[in-house]
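Coming up is one lone chain in structure tokens, specifically the form predicted alone.
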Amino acid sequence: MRRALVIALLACTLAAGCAAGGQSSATTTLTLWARSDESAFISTVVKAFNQSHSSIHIKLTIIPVNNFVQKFGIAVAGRSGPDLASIDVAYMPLFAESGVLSDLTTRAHQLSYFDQFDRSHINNSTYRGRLYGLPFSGDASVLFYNTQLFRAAGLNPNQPPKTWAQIEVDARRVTASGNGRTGFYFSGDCGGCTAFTFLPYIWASGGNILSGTPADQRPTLEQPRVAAALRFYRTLWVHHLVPAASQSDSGTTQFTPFESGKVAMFATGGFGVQTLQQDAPHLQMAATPLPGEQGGSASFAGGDAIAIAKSSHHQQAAWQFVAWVTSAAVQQRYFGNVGVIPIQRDVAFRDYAPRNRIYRLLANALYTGKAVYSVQENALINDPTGPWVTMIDDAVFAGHIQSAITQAQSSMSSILSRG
């Protein structure tokens, strides 16, 4: 059975309005689906394209981030999906392997700026040597911290933590300063959030959670660095350095504690900058790399890839949008200028990074970071009842670290054995 049919079974319903783009006598209408995470900038991008292209019109549909995989999977499996889709890079291997995306390899390599693309996006959009998407929007995880709370606790905001032990010490100092302050926050019931912000601690310490190629991939949760990272979070939790709301936060309120000005440290990415600046404009913050246990750093290089559905009847018109939206001028004006990391290296370091220290850090994090590559990423990590979320809950909040790892290792092995 083709994986497209397997994807179609992930959900039971499909929202209306999923038909492929139609075409009038004068204008080709293309449908574009994008995740709600991109709401802050995607409408402006589409509007700019429509205003500058008289023969092609993009019709945008925003899909709630938690529903995207199911809705898109069902739609493309039934050949009723959009012409174009902005897809989280973590899901690109799944859809590339399923056969529902157009092969962009030849066209992509003809772009004069192809070598400028960030490698994480390209790697995750590649399956068996063929390319099924191009970088669209860049993101990378870093550790944000409240400089005002650092000062109030007697900490130097110009000397952020560079090890796990230093994070713990700083979190204790802030929590001990009183007035309802706590040192650290994370969304404990959110698979995607913890992959984005917790996995880098493991990577930076020399560990990993998966090994091998998609054909023979296997979990490596029993590596010592995984247990060490879980113990690190467990320590923060046991000593009440993390608000109680963390345990049940599925990601929907992940920014609220930090925005309140009562939490000192919180990991997020470039998209988070926009949210924080909009919701808490007076918050005094800085950012630093996510450290390994003894130093070093790592980042989850995320964001979205832009892909063309294989079922689209307007392949050439769709490619015109892909080429336009990935060009340097567009990446600078409609992405970098609004705080989204450009996915062309020269644009990112010439026009985006010099604006401030946080942008410079984010650009470096994207171009040195990596992402999880697995055709089963959704089942392994993002599924709210899957092995990754269950392991974090049992290990961090219940304290059953070794048994949680053993169970997750077994569950992940079972999922991967299904191909």
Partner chain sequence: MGAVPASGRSLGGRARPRHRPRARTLRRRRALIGLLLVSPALAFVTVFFLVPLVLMIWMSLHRWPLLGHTSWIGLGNYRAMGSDPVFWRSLGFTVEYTAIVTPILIVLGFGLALLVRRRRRGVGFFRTVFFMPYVIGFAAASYLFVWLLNPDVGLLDKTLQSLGFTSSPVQWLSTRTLALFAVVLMIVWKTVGFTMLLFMAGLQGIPEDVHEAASVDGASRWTTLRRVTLPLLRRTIALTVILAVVGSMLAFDQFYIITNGGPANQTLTVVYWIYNSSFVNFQLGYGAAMSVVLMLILMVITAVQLYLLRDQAER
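Numbering follows the first chain given and starts at 1. Since this is a predicted model, take the numbers as computed values, not measurements.
Separately, the form predicted together with the partner chain exists; it is not shown, and the next lines address it.
Stretch 380-388 is the answer when you ask which of 380-388, 57-65, 33-41, 365-373 has residues with heavy atoms within 4.5 Å of the partner chain in the predicted bound form. Screening A318, V76, I87, A267 for any heavy atom within 4.5 Å of the partner chain in the predicted bound form leaves a single hit, V76. Between the partner chain and the residues V273, L94, A204, A195, the one pair within 4.5 Å by heavy atoms in the predicted bound form involves L94. Although the partner is absent from this view, V69 contacts the partner chain in the predicted bound form, with a non-hydrogen atom inside 4.5 angstroms. Contact between T175 and the partner chain in the predicted bound form is not found at the 4.5 Å heavy atom cutoff.
Interface residue remark: S297 is not counted as part of the site for the partner chain in the predicted bound form, having no heavy atom within 4.5 Å. At a distance threshold of 4.5 angstroms between non-hydrogen atoms, Q332 is out of contact with the partner chain in the predicted bound form. Along 384-418, residues P384, T385, Q407, S410, S411, S414, I415, L416, S417, R418 each place a heavy atom within 4.5 Å of the partner chain in the predicted bound form.
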